[in-house]
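Take a look at this single chain in structure tokens; it is the form predicted alone.
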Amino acid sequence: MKKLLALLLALVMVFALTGCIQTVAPATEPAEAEAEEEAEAEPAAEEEAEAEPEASGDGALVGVAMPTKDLQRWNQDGDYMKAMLEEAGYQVDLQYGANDIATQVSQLENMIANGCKVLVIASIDGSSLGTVLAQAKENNIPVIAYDRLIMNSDAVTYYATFDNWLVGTKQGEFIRDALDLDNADGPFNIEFITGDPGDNNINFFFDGAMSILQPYLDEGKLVCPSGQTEKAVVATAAWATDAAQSRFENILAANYSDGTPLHAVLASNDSTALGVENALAASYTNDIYPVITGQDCDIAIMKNLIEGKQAMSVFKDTRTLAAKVVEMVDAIMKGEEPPINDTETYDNGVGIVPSFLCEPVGCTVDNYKELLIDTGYYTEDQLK
């Protein structure tokens, strides 16, 4: 009996000991389970990270062709465009054509060969890109004409620009109001200068301005002593300041050397206006200084405007236009409809090109700080 009791006691102790061991062992299992869960979670986290959407551009290559670095505005346009496209996730091939058509064509051919998915083109000559744009169309590459309409090509998908007719009307209205043409007797002497004949925009700039000024010419309240009022005659190759200056030196010598006053100059942009102002500084002697218009608010011109050598410029905030083009590129890449607000105005000889028009603003000495300084377009030091 004692042996049986001893045996039972021993068995109880063994079971008790086994129970203790079993209760201790599970204490390590949560740590192991947690490690296992973490190990299982790591691949999931990696998969989740890989699944995160990339920037909207998805690294696609966009070709941006600008006409020249000789004018300040094209440098700004190119810089803004590149920065905004890259911020949106695109790669950018930005090229400047040095105002040489063959160079720009070659650059576009390289962009197509290198796999650009969209082309943004500010053309040197809007009628000289038909062959290379046919290549773009064959490769299903959409083309956005930038600020200059590309003519005679069905490969132009969209057009982004400012309301260029409104640019011209603002210039014409400024001259009308500055000379008080509706009330003053006149006559007032006026001369005209516009830009490159290969730039389709001069048709809108010049015709828009003349829609305001022509009635006053017809009634004799405005008079052009040089007789140079036709668009083809007052055009300026490459919008070049030196060419504008040379032409106006001849005009002044032939028509104003006797002290005849010049009351106004319709200049379509700032680079041509600067040529006019240089010519006036060299040889104009009358105390009446002309009202001179312009466009682009270039730094050199703004200094002249502040000093009273130019009455106004039309401000076209290239940041706004660049941002709109990025929206258009993004929509195209996503298979969506890009922003368009004009489907009637811009006929490139093949058909109406769907367009987005940004609104220009008149800039004078009275509001330049609000338009240019307060918005960060320029610093005050740049205009000193």
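Bear in mind the structure is a predicted one, so any value in this text is a computation, not a measurement. Residues carry their position along the shown sequence, with the first being 1.
A second form of this protein, the form predicted together with beta-D-glucopyranose (BGC), is not displayed here; the remarks below concern that form.
No residue in the set 176, 206 and 293 has a non-hydrogen atom no more than 4.5 Å from beta-D-glucopyranose (BGC) in the model of the complex.
beta-D-glucopyranose (BGC) in the model of the complex is approached by residue 239, whose closest heavy atom lies within 4.5 angstroms of it. beta-D-glucopyranose (BGC) is not drawn, but in the model of the complex it has no heavy atom within 4.5 Å of residue 171. Not displayed here, beta-D-glucopyranose (BGC) is approached by residue 71 to within 4.5 Å at the level of heavy atoms in the model of the complex. Taking the partner from the other structure, beta-D-glucopyranose (BGC) in the model of the complex has a heavy atom within 4.5 Å of a heavy atom of residue 148. The stretch that touches beta-D-glucopyranose (BGC) in the model of the complex, counting heavy atoms within 4.5 Å, is 295-303, out of 295-303, 150-158, 220-228, 276-284. Of the residues in 310-347, only 316 comes within 4.5 Å of beta-D-glucopyranose (BGC) in the model of the complex through at least one heavy atom.
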